[in-house]
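Below you'll find only one chain, the form predicted alone, shown as structure tokens.
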């Protein structure tokens, strides 16, 4: 496993460099000016002040100087400062706060998906081709077809305006155990739930036809013990892959959900950076997203050997 870790770390370096190069190039030569963002469509009232600000941030330097200066700062953990005039905060500080919020939401949504999706997939597989199987699969397939931008207003109208069960669902109280997190969590869970249910069902259906399952039944073991101790782990190989990608997406922030519910998470940082052409913020969020995806994929690969002894990490 140590060799696998070293090999992954070595391979991740050129990938990160390529991501940084592409993102920096697109930000430098792409449209938009973060210093002009504060003025909207109107021209700045003081062009000299604008040029002084551009010089202070080093935006008037050639491309290669800005690029190598940014890469050199990465070795000291310096991701630069936000170029948006209203903030001007270090990107590292902004991402730390955003990731704390998104991590709470993402991990809570992932736990709910596992608690709800895996049992539903097991029940559907055990009752294959029955009305219960059709009900679970069709229900889990129907809800994700509703777009988030349609589901969010509907939920707000029903539970906030009409029923009044939730007083407000905008903002962030600092913890996921809050009324404000109920609707965002529901929307985050509904989308990937179909994948978890379907993958669990497919894995369980295939595993339940194996010879060792028939042998366990011939020995007189209970169905509960067969499902939990003998069939569940081998069936989770495909599920773990899906959960890895889902977890990476949740931890890096759900852009639309955080934006519509005014949640100051990682997704909101990505949206604000793109909207204002804030190059350091775009670079920082992109690089952290890639790192999270790499780490998640590595954890998923290692989990294969634990879930299925036939898989070797060589």
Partner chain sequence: MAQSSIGLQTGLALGRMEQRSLWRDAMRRLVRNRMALFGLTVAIILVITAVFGPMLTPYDFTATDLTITSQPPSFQHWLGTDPVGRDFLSRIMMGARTALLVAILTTFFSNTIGIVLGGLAAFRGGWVDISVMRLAEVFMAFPSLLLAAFVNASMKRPTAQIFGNLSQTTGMKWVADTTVIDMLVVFGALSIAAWPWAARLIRGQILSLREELYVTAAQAVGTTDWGILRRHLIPNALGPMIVRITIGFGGAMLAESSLSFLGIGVQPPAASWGKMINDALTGWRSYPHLVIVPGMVLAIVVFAFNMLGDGLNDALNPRSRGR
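Numbering follows the first chain given and starts at 1. Rigid core here is just the name for the largest C-alpha set that superposes within 1.5 Å across the two forms. Note that the structure is a prediction, hence the values are computed from the model and not measured.
There is another form of the same protein, the form predicted together with the partner chain; it is not shown, and what comes next is about it.
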item	value
147, 154 and 290 all contacting the partner chain in the model of the complex, non-hydrogen atom within 4.5 Å	yes
Contact flag, residue 15 vs the partner chain in the model of the complex, heavy atom cut 4.5 Å	yes
Contact label in the model of the complex: residue 177 to the partner chain, heavy atom within 4.5 Å	no
Non-hydrogen atom contact residue 275 with the partner chain in the model of the complex at 4.5 angstroms	yes
Partner contact for residue 255 in the model of the complex: the partner chain, 4.5 angstroms, heavy atom	yes
134, 170, 212, 165 - the one with a heavy atom within 4.5 Å of the partner chain in the model of the complex	170
Contacting member of 142, 228, 111, 221, with respect to the partner chain in the model of the complex [4.5 Å, heavy atom]	142
The partner chain in the model of the complex: contacting segment from 230 to 238, 186 to 194, 157 to 165, 69 to 77, heavy atom within 4.5 Å	157 to 165
Residues within 4.5 Å of the partner chain in the model of the complex, restricted to 261 to 288 and counted by heavy atom	270, 271, 274, 275, 279, 282, 283, 286
Flag for residue 164, CA shift 2 Å or larger between the shown form and the other one after aligning core	yes
Displaced residue check between the shown form and the other one: residue 247, CA, 2 Å or over, core reference	yes
Rigid core fit then residue 179 CA moved by 2 Å or more between the shown form and the other one	no
